[in-house]
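Laid out below as structure tokens are two forms of one and the same protein chain, each shown alone and named structure 1 and structure 2.
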Structure 1
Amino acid sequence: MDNLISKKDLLEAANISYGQLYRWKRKNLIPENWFIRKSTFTGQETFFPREDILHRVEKIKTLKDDLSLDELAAMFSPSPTVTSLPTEEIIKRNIVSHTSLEMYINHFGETPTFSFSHLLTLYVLDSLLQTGEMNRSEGMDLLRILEEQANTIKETESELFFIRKMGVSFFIITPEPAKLFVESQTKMIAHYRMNQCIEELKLKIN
């Protein structure tokens, strides 16, 4: 129960009301599968994944003055808001670093525009390169798996793991919520939730 928060505690921790919570649920700002119903000694209660919901509520609260609830819903949904972006725009608005863009173009060739799923690939590549934990040849492997699994990422909420053991590294893409157990010498270098990446990217684009 450590990673769950009851509805009552959530309302108090986030200082919101029942009405707000129900309105956000109606507007699809909070995904249906976050509402976890459990029987307790006081009867049925609803719980939420603690980190996710607190993060989400905080985000809604800070953004709701600037964006309408519908715009927020579009941001949180896994489907793209923008269908494509021209390459110059990406450079001009500094959405990703020059190096990442170059790597991408080296691998896939020149394109005048980037579709949303390509943008996402680019964005993930860039964030991992920026951490300094991934080298360029690993970046190529990442590009390959993201490209191959583009449909999976689009259709299901997925997670990306980057793991290294004794200098050998590999990537795993799995549907959320994943439970991965690794042996002791293995190093989990990065763990990304694709949905969160999509959200961040959307914020950057808009």
Structure 2
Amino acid sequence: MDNLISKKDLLEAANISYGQLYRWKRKNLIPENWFIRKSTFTGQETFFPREDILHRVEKIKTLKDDLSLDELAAMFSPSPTVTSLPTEEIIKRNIVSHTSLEMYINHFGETPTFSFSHLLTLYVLDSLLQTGEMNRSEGMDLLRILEEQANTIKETESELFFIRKMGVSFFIITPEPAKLFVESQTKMIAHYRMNQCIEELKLKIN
């Protein structure tokens, strides 16, 4: 159970109380399906997906002084907090770089407003460009796959993999949780969990 953490270990590792954990659950800050009941030699115990819960608790602790629990719940929800933003607002709020915006417009054409789905595409493009690991040509490939798989990303929890082998790059979008096995000569450039990208984008917008 390397990918799981027990409730006892979580409370200790995250330095939170039982009461905090279940209050956050009631407020929908922690999904119901993350509470996994399993039989152990001591009886029934509750476990959580280790990476997800530790990341979520750390985010809650960081933001709870600035946002109400209801605002946090809205941010963690997969539903968008805004339906669209005009182009000038994207620039004004510095949500993405001018380079990413220019690439997006060159690919899709001019648009007065961006839906949340398009903002997410723009945000992922910008995040990868900022790492310096992706060139403009690869960025255009990324735009194409994000456009093609927009419904998959919207309807299911998804992961994005960016890999390269012998100078040839590939993007893979797959439902979460994914296990990707690649040849030894293949380099994993980036791995994004789309739900985390949605959370980060909501925080940036708000």
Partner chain sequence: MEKTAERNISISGSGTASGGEYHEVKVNGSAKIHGDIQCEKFKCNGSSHVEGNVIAENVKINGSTHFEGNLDAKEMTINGSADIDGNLHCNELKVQGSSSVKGHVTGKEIIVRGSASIKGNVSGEEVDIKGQVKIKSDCEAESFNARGNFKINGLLNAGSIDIELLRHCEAKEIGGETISVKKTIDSSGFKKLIKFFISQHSDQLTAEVIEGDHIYLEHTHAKVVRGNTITIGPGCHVEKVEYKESLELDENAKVGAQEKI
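Here, residue number means position along structure 1's sequence, counting from 1. We call the rigid core the largest set of C-alpha positions that still match within 1.5 Å between the two forms. Not measured: the values here are computed from a predicted model.
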(request) With both forms of the chain shown on their own, indicate which is the form predicted alone. (result) 2
(message) After superposing the rigid core, is the C-alpha displacement of Gln20 2 Å or more between the two structures?
(response) yes
(message) Quick check: Arg164 between the two structures - does its CA shift reach 2 Å or more after fitting the rigid core?
(response) no
(request) Align on the rigid core first; then say whether the Cα of Asp66 has moved by at least 2 Å between the two structures. (result) yes
